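One chain follows as structure tokens, the form predicted alone.
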């Protein structure tokens, strides 16, 4: 663009054509803003013409998960409760993207209020995996993963509460990154569970994730957990972090994994041994990640959802008495999985049952954090599969919520502990992509990104070798 070889407007129109060709089949978006995107692209082209300084994201087309506020666009969280809600302000991450000349193309589909693992729980549409349209995308940020994987956007934002970025990244064959808790402001994010939630990027490669991380991370006075966070040059650190790393693997990460997933991930970890040191570490409490995670999340979610009562927030209610009105509007507008989580969260925090359930799970969360802290005294990173299975067919797990929850077994630990975690494509099982996950110490996000880049380089080398052998 700086050399005049292409324009922001021209690049946007290329993406627009891809959207027109593919969106009808893949259902990545809930809202598209071609007019606003074209206006922004025109402003960038004018900057180029006048030789003004360009932002880090100049001309890149970016999709935003529809639980993150973009001023003037709907923010529905894929729920009928917020079907007519239009955001009156920008989330901090959106402000930063616009300041760096990113072009926001629209809002992407998700599981309703981010409650789900496959992006089939949206009130409006089911997103489809671009690799195999009969299969799920992973969730809850499925629409953002699809937008990047299919070429409808250069980059995208999702939110990750227990794997909602990393699961769809693995299933769709793209890069997904969950930063250290508190590294990225959540101001303007519709929360699921605020002690777990973190906004992060999707991209085609690790460089794209590092670039978007540079833009969206940093201290924000409107989100107190970001206090003390320093801006970092992640793209430079990505190239600079070349030293040999100690990478830990735990047998617990492979318990219950499909054999083909286990094989692919172990093969890529073995190849990483050419560059880095691979060590075995015990993590027995990680076996309990699903109950620890979901009981905590249910409690926080039921509390967060109290504001959606049809009075100040949410859908319109009839002129009934207060109790009937709130019950009517919530019953009419909330989906099955959202109701299930509200009811379970309410139950485990009731006075009669709190000590038996919620108090115990808080203690278990603390034990898991200590166990991971001890592991990171021995290693720089932990490596694991992202999901225990390949993407399943749409509708296959709808009748068994427990099976859906178990899909998050390997991703929830990072959110429980507040550590950074990223996913990059390791290889394919048949035509389906499989992602390898790396987790790092709190604040050492650049090491996670460096390991992800190592996988990309090894995968590129293997493809070159295969090409040469065929030649």
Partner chain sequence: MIDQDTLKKVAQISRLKLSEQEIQELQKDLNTILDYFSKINEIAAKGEEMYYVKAVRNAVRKDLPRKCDKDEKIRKAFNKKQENWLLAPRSL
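Positions refer to the first chain, counted from 1. Values in this document were obtained by computation on a predicted structure and should not be read as measured data.
There is another form of the same protein, the form predicted together with the partner chain; it is not shown, and what comes next is about it.
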is_contact(residue 291, the partner chain) in the predicted complex, heavy atom dist at most 4.5 Å | yes
With the cut-off set at 4.5 Å between non-hydrogen atoms, does residue 377 touch the partner chain in the predicted complex?
-> no
Indicate whether the partner chain has at least one heavy atom within 4.5 Å of a heavy atom of residue 298 in the predicted complex.
-> yes
Just to confirm, residue 391 within 4.5 Å of the partner chain in the predicted complex by heavy atoms?
-> no
Of 307, 244, 370, 263, the only residue with a heavy atom within 4.5 Å of the partner chain in the predicted complex is 370
Just one of 250, 98, 278, 325 has a heavy atom within 4.5 angstroms of the partner chain in the predicted complex, so which one?
-> 325
In terms of non-hydrogen atoms within 4.5 angstroms, which of the given stretches 159-167, 382-390, 358-366, 120-128 touches the partner chain in the predicted complex?
-> 358-366
Establish, in the predicted complex, whether 88, 287 and 312 all lie within 4.5 Å of the partner chain, using non-hydrogen atoms for the distance.
-> yes
Counting only non-hydrogen atoms and a 4.5 Å cut-off, give the residues of 127-163 close to the partner chain in the predicted complex.
-> none
